[in-house]
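Encoded as structure tokens, the following chain is the form predicted on its own, with no partner shown.
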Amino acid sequence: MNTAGNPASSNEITRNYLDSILIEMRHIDNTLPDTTFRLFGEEFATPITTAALSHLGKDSEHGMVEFARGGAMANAIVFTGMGDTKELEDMVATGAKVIKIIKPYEDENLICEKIRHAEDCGAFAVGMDIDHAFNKKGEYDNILGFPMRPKTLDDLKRYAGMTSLPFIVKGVLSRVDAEKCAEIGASGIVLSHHNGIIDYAVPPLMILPEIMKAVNGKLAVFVDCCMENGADAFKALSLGATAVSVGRKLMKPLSEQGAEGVAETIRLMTTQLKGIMARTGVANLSSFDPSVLRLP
């Protein structure tokens, strides 16, 4: 409960909005659902991906490599954030299709090196997390000693042009930024307020229909923030999302069970998604109908 005068938690707002969306049942003429997901020429078992987490544990037993291994076991896409070159190489070596998200570093050479390394080591895609340019004081951000800077549209276009990999922009939460990403030919965007990086952030699902209309199928749209179960995934996919990214929900299973915990959580969420698809007349990922939802 928010106390008068205190900022509202964006995570709480997002969670409440997700829970306020209701689902109709549609049983006649239904069939067994198929969650096979295709993206950038590859096929996956589920449209549920990991979120771009970083620094999960101090070793590979309960760290980012196990995180990737779990994604590979579930045949799901794996996003990753900050980390050194060896970590990314070890994640890719698990067989996971890894999307490397790079911070908006002030050091342009560092950005170029990380883009080149992602391509050289076999990452599935690469991109940039644009929402960490500033801190909450309105100053340039600094993460683990690395100065950050905001990026222009020309910067993002230049980064995308450095690689043959699909380029993903993370931290989009407006029609304005979504249209700019489509303009430069980005392959995808991640709708996210980065675990409440700004107070009173619009819930991604609230703005998703507007963004889907604006980009008009020109790029993949991932939805991040508070995705915790198959019902959340169903709602996002019904509103047009290409896929959904799960972060905090995977952290406890990772710490307790390693890769198997990650894989089992993704499989469980996919099973929950299939259960709702079966009871709403959604045969596959091309059959979602937003009219099945009752929005607040």
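So that there is no doubt, residue numbering starts at 1 and follows the sequence shown. These numbers come from a predicted model, not from an experiment.
Keep in mind the form predicted together with a small molecule is missing from the figure; the text below concerns it.
Enquirer: Since the chain is shown here on its own, which stretch among 176-184, 219-227, 149-157, 118-126 would lie within 4.5 Å of the small molecule in the model of the complex, judged by heavy atoms?
Expert: In the other structure, the partner sits against 219-227.
Enquirer: Can any non-hydrogen atom of residue 57 be found within 4.5 angstroms of the small molecule in the model of the complex?
Expert: Close contact is absent here: in the model of the complex, residue 57 is far from the small molecule, nothing within 4.5 Å, heavy atoms only.
Enquirer: Is residue 52 near the small molecule? Define near as a heavy atom within 4.5 Å, in the model of the complex.
Expert: Heavy-atom contact with the small molecule at 4.5 Å: present for residue 52.
Enquirer: Under a 4.5 Å heavy atom criterion, is residue 166 part of the interface with the small molecule in the model of the complex?
Expert: Looking in the model of the complex, residue contacts with the small molecule do not include residue 166, since no heavy atom lies within 4.5 Å.
Enquirer: Is there a non-hydrogen atom of residue 266 within 4.5 angstroms of a non-hydrogen atom of the small molecule in the model of the complex?
Expert: Because no heavy atom of residue 266 falls inside 4.5 Å of the small molecule in the model of the complex, the answer is no.
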